[in-house]
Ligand code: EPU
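In the form predicted on its own, a lone chain appears below as C-alpha cells.
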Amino acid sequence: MNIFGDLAEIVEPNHAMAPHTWYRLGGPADYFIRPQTVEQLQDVVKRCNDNHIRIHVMGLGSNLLVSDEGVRGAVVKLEGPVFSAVQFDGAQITAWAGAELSKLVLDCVEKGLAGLEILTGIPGSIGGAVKMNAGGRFGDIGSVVDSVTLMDGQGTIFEKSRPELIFDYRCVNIRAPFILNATLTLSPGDPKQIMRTLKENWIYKKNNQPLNTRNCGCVFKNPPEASAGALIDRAGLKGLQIGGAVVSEKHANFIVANEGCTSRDVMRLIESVRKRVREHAGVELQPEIEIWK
C-alpha cells in the first residue's frame, strides 16, 4: 500500500536532498513532501504518525548538513504561496514559515520599517530563523517577534506569545515541530537611514565572511564569553582540510565545501576541529548547524 498514493503532486520518494542545502551535499530522503496548505500538512502529519514515519522539517537549508547516506523518514518543506506569504499591517508583519528572510529584510527597508536590517546577509526562512533565533553581532530576530503560530506533532494548531516566548542565544523555547508563522513588530523610520545601516552591516559581513563559497554559515555556537572563530583560529586551524572540506582562511568558524567534498568530509573536519580546540583551550564547541544522519 502506498501511504502517499493520492498525494503524488506534493510527495517525492527517494528525493535528492543535496540541491536543497547550501552545502549542496547529502543523500536522498525517503520522502520529500511540500504541502501547499495547512490542511495538507495536517494530513501528511497524520499519515506519518499512523505509519511510524519520522518527520524532519526544513527551511531553506542554509544551516543544514545531510549525511551522504541521506535521511530516513519524511522531510517536510513549507513553501509555496500559502507558506511563503507575508502580510503587512502598519509596523506589524505576519510572515509565514517559508518566507525568505533576506527578501523580507529588503521589503521592510523599502517600507521604512526598522528592526530587521540587523539580519542583513543572514540566509534562511522565517521559520528557521525563529527556531534558531537567527542573528549575529548586530542583534537577533527574537528582539522583534511578538508571537508565533505553531503546530504540534499531532496536527493541533496553537499560538505562543510574549512573555511566554523566551529567546536566547541561537534558541527559543519552542518544542512544537512546526512553526507556521510569526508576528513581528518593527519601528517606523527613515528608509534612507535604514538602508545605510543595512549597507554597513553587509559590508562588514562581506569583508569578514567567505560569502562566495559553499558553506552553511557559522558551524559552531560561540561559548559563553568567547568566540568560536577566535578559538579555532588560536588553535591554528585556519586552512585545515579533510578531503574537500576546509576551515575558511577568512573566518575560522566557517567550513567550506570545495570541489569533490562529501558530507563525511565536513563531519570529520567538524570533529577534528572540536578535538583540537578542546585540547588547545579546554573548550567543548557545540555545533550551530543541524546535522541529519
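In case it trips you up, residue 1 is the first one in the sequence shown, and so on. These numbers were taken from a predicted model, which means no experiment stands behind them.
The form predicted in complex with the named molecule exists for this protein as well; it is not shown, and the discussion that follows is about that form.
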- the named molecule contact in the model of the complex: G229, any heavy atom under 4.5 Å: yes
- Task: Examine T149 and determine whether its closest non-hydrogen atom to the named molecule in the model of the complex is within 4.5 angstroms.
- Result: no
- Message: Under a 4.5 Å heavy atom criterion, is H251 part of the interface with the named molecule in the model of the complex?
- Response: yes
- K160 near the named molecule in the model of the complex, any heavy atom under 4.5 Å? no
- Task: Have a look at 134-142, 172-180, 101-109, 189-197 and name the one stretch with heavy atoms inside 4.5 Å of the named molecule in the model of the complex.
- Result: 134-142
- Does each of K46, H56 and F83 have at least one heavy atom within 4.5 Å of the named molecule in the model of the complex? no
- Message: Only counting heavy atoms and a 4.5 Å limit, does any residue of 217-231 reach the named molecule in the model of the complex, and if so which ones?
- Response: G217, C218, F220, K221, N222, S227, G229, A230
